[in-house]
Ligand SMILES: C[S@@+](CC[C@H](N)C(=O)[O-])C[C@H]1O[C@@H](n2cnc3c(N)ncnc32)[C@H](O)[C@@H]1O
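Here's a solo chain for you in structure tokens, the form predicted alone.
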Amino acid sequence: MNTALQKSLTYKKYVIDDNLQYFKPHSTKIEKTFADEICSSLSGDSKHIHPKFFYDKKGSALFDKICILPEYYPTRTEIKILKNLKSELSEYLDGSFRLVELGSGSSMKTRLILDIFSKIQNKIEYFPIDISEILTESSELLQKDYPNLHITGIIDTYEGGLEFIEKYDDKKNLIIFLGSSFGNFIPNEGKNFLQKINSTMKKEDLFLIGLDLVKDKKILENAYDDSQGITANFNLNVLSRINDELDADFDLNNFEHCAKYNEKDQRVEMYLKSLVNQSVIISKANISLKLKQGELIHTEHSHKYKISQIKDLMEKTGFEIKQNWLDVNKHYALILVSKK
């Protein structure tokens, strides 16, 4: 990547060693974006916080705990599918692919994909894209187990990271978006995001996405409101992050976690409910927030899909389905696509 391009994209390059480097937008850009988005999303009558802001260091650690909860089926189900598709996925790859991950992982899922790459490549290139600084830590953990792994991290939004990679070079990419994170998008935004991915992909690139399927309401609601309260802490932590990074004065004791399944819209909805009438100042976002008792701040949608809907969505966003894999209970799907 040339210096002029790096400068034009307002990224700074950090080299840790021969096998690990990362690019990060200038800190003023990150802070301004966070403050601007929080100001916009909490100023209106329908208050919300984008779920991408869950994942600071503490939030990422809490999510790792969620993934091993007995009620939270998506992670273990997706891992089971990945273990079963190893040989089938490798049929679509050759030694010239790079792995690009939307979200940063040192978890078993990332490792299962890297294991496939290890069998067909002497040198593996891995480009994780994550808004959280945890990217650097997870990268270092992966390097301990994969000595032939060369990591270029991008600390930015998914959209920003995809644009970065599009301009980086001409190498073929396997882009992965696991964990059913796509379900966080509302339908129009999700469609736009898939079109964005498609527009940055080369003809030879592949895209592997994990999608959660429609199932029993009780299974879904238990998965997002566990008996140990880990998901509640995860949801509330976004207020702690705003306190720390934007000089706000949220009192977490004045909020509770709420999760419910909306059958009509096929989505689990998560909220933070105000338990009292209260005022909150968010200094760096330059707003004073008034909340009534019982008022909700929406923090996440997690949409669930039918296979027929997935096929229609991929068709409409310019993708061709190469293969899809389901678990035995048909709770979850992994879909491999290319550009048409």
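Model, not experiment: these values are computed from the prediction. Numbering starts at 1 and runs along the sequence shown.
As for the form predicted in complex with the named molecule, it is not shown, yet the points below apply to it.
Contact annotation: of the candidates 311, 298, 58, 52, the single residue with a non-hydrogen atom within 4.5 angstroms of the named molecule in the predicted complex is 52. Site annotation in the predicted complex: the residue of 254, 143, 240, 132 reaching within 4.5 Å of the named molecule with a heavy atom is 132. In the predicted complex, at least one heavy atom of residue 158 sits within 4.5 Å of the named molecule. The shortest heavy atom separation between residue 235 and the named molecule in the predicted complex exceeds 4.5 Å. For the chain shown alone, residue 178 is a contact residue for the named molecule in the predicted complex, at least one non-hydrogen atom being within 4.5 angstroms.
With a 4.5 Å cutoff on heavy atoms, residue 212 does not count as touching the named molecule in the predicted complex; it lies far away. Residues with any non-hydrogen atom within 4.5 angstroms of the named molecule in the predicted complex fall in just one of 115 to 123, 245 to 253, 150 to 158, 88 to 96: 150 to 158. Residue 78 is the only member of 71 to 92 with a non-hydrogen atom no more than 4.5 angstroms from the named molecule in the predicted complex.
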